[in-house]
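Before any questions on binding or motion, here is one chain by itself as structure tokens, the form predicted on its own.
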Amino acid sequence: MKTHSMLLISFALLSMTGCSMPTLYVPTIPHNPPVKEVRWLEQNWSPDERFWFHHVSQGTSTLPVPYSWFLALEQPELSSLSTPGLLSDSEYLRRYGFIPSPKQAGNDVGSQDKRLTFYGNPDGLPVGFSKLPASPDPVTGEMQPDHIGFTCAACHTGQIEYRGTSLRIDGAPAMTDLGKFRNAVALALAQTDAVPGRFGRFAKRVLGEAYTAEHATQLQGKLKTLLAKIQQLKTITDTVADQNVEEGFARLDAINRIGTQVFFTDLLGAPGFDAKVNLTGNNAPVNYPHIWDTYWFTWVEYDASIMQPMFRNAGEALGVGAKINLVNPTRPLYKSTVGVQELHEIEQLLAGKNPHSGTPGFKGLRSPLWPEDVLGSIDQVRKERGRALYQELCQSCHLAPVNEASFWTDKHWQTPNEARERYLDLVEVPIAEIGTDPGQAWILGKRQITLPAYLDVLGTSKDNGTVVKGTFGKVLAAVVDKATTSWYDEHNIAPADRDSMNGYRPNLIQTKTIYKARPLNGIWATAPFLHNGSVPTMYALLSPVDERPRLFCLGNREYDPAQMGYRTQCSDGMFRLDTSIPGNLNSGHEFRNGRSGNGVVGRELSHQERYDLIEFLKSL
């Protein structure tokens, strides 16, 4: 069910040029207030390192259009009085939650390996957009044009606005609505073909000096082919639409979407195989996780399911549109466009040097410090009262604060490995104890995947000789391992270097139906809270469940320093989150009097105690 108002584009309009696209809608998107000042918080990165992280390609072609097409598309609006602006306009994309970024040529800054080519941001696209240069399609071998893809930064760069100042935070959750944006791109394509005059303007932008009537006709044929493919995919995916839980601003069902991309979209056309058997709805949205310090954790993801950094990153790249050959046995299987070297460099930039070398402390991307000159000074008296509450109620799961010496001598740090690196065993809390929405923790262990037998994936069972089956987590780990191994082999990477690029950890999966408790440094910048973003503020999270808002809106970037979270007043274009829907449940992690367990993690707090604890959390 759509929870925002929409403008219907009729079948009659789309049929004027023979387009068979289904009915599409122009989504209402928020009008953001103007920003007077922009400040990137200090997090131990230079401006050049930050810019490199924002725009270096992972090998993805996330949007289904060539790079030049995206730049030429117009905004999906209808007006008889004016020509729409460009879809790529930075202020327009800001309304979907994307962060503006300057136009700048590429260089090698941020890359430790000069084999990398960095194209920069030549067209001034937002943070998280990158240019994938022309390359052969791994499936067909045919040369593909430049494409546009998302980087890690698209989902892991936050922004908080307060009284006209925009605080921008690397590694924090994004406040984007990718569902609305995907819909806008599809509608812009359909309108380009259907609305009189629009294709002509599009063709002149794409073709430039090469424009001729013949070339324009060829371009329109390619556009119609793409629209037909989108129509086909939409017709199939609509069969599971009733399973979907709307994601909205600040949330994405990332794990299920990876499964759909790799085991449905990338398997379409496989000989003797029906990829629809792997299709399921997106029913476990999560708040984009914050990623500072993540490299040093033994297990990552909310459900502590993945160990190896390369598997995590390469799987993510495949999930956001890196191409891989799973369907053409006449060409090298598992060859992909995944930027394995780039992913390694990104991880190294995030991780930094060994935190146990020299003065203990995280030395890569650091968590942001509370900006007192913008959000207000920390009350020292309340902070000290909050410190005692943290020790009483929080520290047994979230460990000692990272700015205290006891954190670095904690028993949870493993003994050093052969690379002299130590990883942090985070506390894993069973769902039955923590009581939060179980959807995300069930995916990797319960979702079943079917594959063509020719892919030769270990961990699967034979069915009828032509297909094999296995659990999502194990099958994904095997497929990603084959993709990265294919890259290592092609580039003659030595075994020792493979170990380094894999983060000195094996490609292991665990599916325990638990959620991990990570250190809370920088937690002030990570709202909304709980893994599924179902609690808007820290004050609400410290309250009994029946005091938490059942319905609230996401999409407003204005911050509430007192309650530590985004303001949740609803207006046109925002996402209305209903916590009564499975996948959106706001239960668990509750401070309430009574027996601990079954969702209760501590005693009920008075209003003063909640604010005292918030004051201490600001200081982490």
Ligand code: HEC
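What you see is a predicted model; the values in this text were computed from it and never measured. We number the residues from 1 along the sequence you see.
Omitted from view is the form predicted together with this ligand, to which the following refers.
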Contact at 155, 436 and 516 by this ligand in the predicted complex, all three, heavy atom at most 4.5 Å: yes
In the predicted complex, residue 475 touching this ligand (heavy atom, 4.5 Å): no
Partner proximity in the predicted complex: residue 376 to this ligand, non-hydrogen atom cutoff 4.5 Å: no
Contact label in the predicted complex: residue 538 to this ligand, heavy atom within 4.5 Å: yes
Distance check, residue 289 to this ligand in the predicted complex, heavy atom within 4.5 Å: yes
Listed range touching this ligand, judged in the predicted complex by heavy atoms within 4.5 Å, from 260-268, 309-317, 410-418, 492-500: 309-317
In the predicted complex, the one of 324, 188, 175, 343 near this ligand [non-hydrogen atom within 4.5 angstroms]: 343
One residue of 276, 398, 505, 331 in contact with this ligand, assessed in the predicted complex (non-hydrogen atom, 4.5 angstroms): 398
Stretch 527-548 - residues with a heavy atom within 4.5 Å of this ligand in the predicted complex: 528, 529, 530, 531, 538, 541, 542
